[in-house]
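Take a look at this single chain, the form predicted alone, given in structure tokens.
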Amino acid sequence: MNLTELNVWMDVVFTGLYVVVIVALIVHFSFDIITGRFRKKWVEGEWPEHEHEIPATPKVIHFIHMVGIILLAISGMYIRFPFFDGGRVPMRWIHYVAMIAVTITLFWRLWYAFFSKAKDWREFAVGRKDMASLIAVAKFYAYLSNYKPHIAKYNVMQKLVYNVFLYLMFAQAFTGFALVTSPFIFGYSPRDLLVGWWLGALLGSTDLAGWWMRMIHYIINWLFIIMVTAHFYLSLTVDIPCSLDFFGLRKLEIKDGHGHGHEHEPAPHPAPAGGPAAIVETE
């Protein structure tokens, strides 16, 4: 299979996968109605309870990331599939500006998580208690149980997705900058400095190294599209009060105690401890 055929197959596979994801979300929502959870939330107002307000800084960063990733996804798809005439140049500029904004806010969020006075990296660390609750959390989202363990501020599936998202952002930033071919760094391009000298030597040319970076960049872009779609769906169907608070449309109601609106939940445990480099940690 040559490179052109591989590109076509990637387009077919990921487009089909996205259709499957949309169908799966529609089926998931139908179970929300069938099981009565939709009525409890939207009619009876039994939404998840929250014990902590969402700080302003993470909300601002999250909003910038949201807008930036949407712009990157749309402009990136346009660069690959121009769906109207004469837009490639402005779309590239939109892509570059959004790329820089998302990269800056990524490091801003990491600084906030690890070094600010309000550092919150422990809220995203995955410990033994989190992993022990994985099956129960998965059963709750699959409508096999009404019990959802409350171990920490975020459940284990949220933590795992957030960690994966972080690493994908690093990979996407690296591959994205590796696609820039303008020699503005002492006569070298970002592609030369990031992959040309080592991957280009292994593959036989810097152009071939750039092609592999483009392919990985395209795959991760599709993963972001799928993850963001699922994130929007869950934000609108699982916890709309938190989503409204995020956009400043309604202040989040903070309640004493725990439970998050689910049946027979045990008393919460402290968030797990760990180090800045840890994703899965022991307790």
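Quick caveat, the model's predicted, so the values are computed rather than measured. The first residue of the shown sequence is 1; numbering continues from there.
Note that the form predicted in complex with protoporphyrin IX containing FE (HEM) isn't included here; everything after this is about it.
- Contact with protoporphyrin IX containing FE (HEM) in the predicted complex holds for all three of Ile69, Arg109 and Phe124, each having a heavy atom within 4.5 Å.
- Put simply, Ala209 is far from protoporphyrin IX containing FE (HEM) in the predicted complex: not one heavy atom of it is within 4.5 Å.
- Of the heavy atoms in Gly176, some are within 4.5 Å of protoporphyrin IX containing FE (HEM) in the predicted complex.
- Residue contact check for Ser243: one or more of its heavy atoms lie within 4.5 Å of protoporphyrin IX containing FE (HEM) in the predicted complex.
- In the predicted complex, protoporphyrin IX containing FE (HEM) sits beyond 4.5 Å of every heavy atom of Arg37.
- Checked against protoporphyrin IX containing FE (HEM) in the predicted complex, the candidates Tyr147, Phe115, Trp197, Tyr162 yield a single residue with a heavy atom inside 4.5 Å, and that residue is Tyr162.
- Scanning Lys139, Arg80, Lys119, Arg128 against protoporphyrin IX containing FE (HEM) in the predicted complex with a 4.5 Å heavy atom cut-off leaves one residue, Arg80.
- Contacts of stretch 30-60 with protoporphyrin IX containing FE (HEM) in the predicted complex, defined by any heavy atom lying within 4.5 Å, are made by Ile54, Pro58, listed in sequence order.
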